[in-house]
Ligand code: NAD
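Shown next as structure tokens: one chain only, the form predicted on its own.
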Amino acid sequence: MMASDRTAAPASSGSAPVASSAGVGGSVGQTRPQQVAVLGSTGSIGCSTLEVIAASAGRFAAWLLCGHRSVGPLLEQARIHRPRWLVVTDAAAAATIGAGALPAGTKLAVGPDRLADLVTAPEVDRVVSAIVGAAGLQSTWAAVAAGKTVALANKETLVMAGPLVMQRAAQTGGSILPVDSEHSAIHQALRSGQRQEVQRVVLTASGGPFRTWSQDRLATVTPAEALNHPTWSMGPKITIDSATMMNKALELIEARWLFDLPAEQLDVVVHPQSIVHSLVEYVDGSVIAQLGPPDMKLPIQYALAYPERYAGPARRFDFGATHQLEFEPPDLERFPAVRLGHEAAARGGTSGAVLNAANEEVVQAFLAGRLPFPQIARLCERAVTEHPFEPEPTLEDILRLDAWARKEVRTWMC
């Protein structure tokens, strides 16, 4: 055990769990729950994941919980779920955890490096990667390199390093199952035909709170208005990405690598009700869609249990009510982020990493009241256009240009 690790008391059940004879989801012949490492457990995806685990009737158990600075909620989660490990990636926040705060049998580890080590542990069956932003790349890469099954909510991992991550998974026998509702829908719809029969894949977008606003009104958007999403409950960064439709840009890039599709087969349609989560059109004209209420517990459970399905806690579609489903093309003049996503998906290389890094910086500035809403996409486009493009980057190239983009954007905003 390293110096950064602490434990509350000797574990009463800390021996390594015995192997399970169950399938991936773990039900028939199961001798133990599937052990899950939840990265970003205090965020919206992490909290929903723990709801799914709690309702799984013993199929899954939280082996590791990880947070950055939200120590209070993290300790409460630990008291409820009794993980083997609690990881706090911010050292200053971890230092506030007093003696006796951990439940019996739970050990504390500190820092992103320890997290990357622990996700490779043989006890871990599944890793839910829900750390927001580029910060999630290191631990997700470690899990994939160790051949783990990763339920991926951290789209930035594939936006930044999609080809490298997918190649590494193929080499190690790891697998990546999408948690984003759009990519989960695509994953399900693609099972309806052969890959060569796919005409195009269409990601749906709610359009956010400003889909009908004029350019003049968009110039006056406040952070409070942008955080008021009409259909989804998400963290602040992802909610702002929905308002700018930058989330669709990142999802286009993620889909490009996750499903090994050329950019010209990917499209976006605005669907305000957020009931149809994405569609796959086949060459014969058939369109297969996945529908459901806007509830992230469904794609989380799908990724954890795949290829099995079982009754879970997600909300059900009410066929006894009247529903209206609307679809419209995105307005690329008001929401140029969608165009940026198409271009970055087509170009590949370091375009996605730079787009993501620039976006993370400008979203923080907007939330702090230091940047007008329309400048988010404009500065992102400038970063992608001006960066020293690498067509076949190494992981080191990606991290270097991630840092370059952040530094440049901060300079432009001064």
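Computed from a predicted structure; not experimentally measured. Numbers for residues come from their place in the sequence shown, where the first is 1.
Below, we refer to the form predicted together with this ligand, which is not included among the displayed structures.
- Looking at this ligand in the predicted complex, residues Ala54, Asp125 and Arg309 place no heavy atom within 4.5 Å of it.
- Per the 4.5 Å heavy atom criterion, this ligand in the predicted complex is contacted by stretch 66-74, the sole one of 362-370, 347-355, 66-74, 381-389.
- For the options Leu298, Val132, Leu258, Val201, the one in contact with this ligand in the predicted complex, meaning a heavy atom within 4.5 Å, is Val132.
- A single residue from the set Gly235, Pro230, Pro313, Pro163 has any heavy atom within 4.5 angstroms of this ligand in the predicted complex; that residue is Gly235.
- This ligand in the predicted complex is approached by Thr89, whose closest heavy atom lies within 4.5 angstroms of it.
- Contact between Ile45 and this ligand in the predicted complex is found at the 4.5 Å heavy atom cutoff.
- Not displayed here, this ligand is kept clear of Ile253 by more than 4.5 Å at the level of heavy atoms in the predicted complex.
- A residue is said to contact a partner when one of its heavy atoms sits within 4.5 Å of a partner heavy atom; Lys155 meets this definition for this ligand in the predicted complex.
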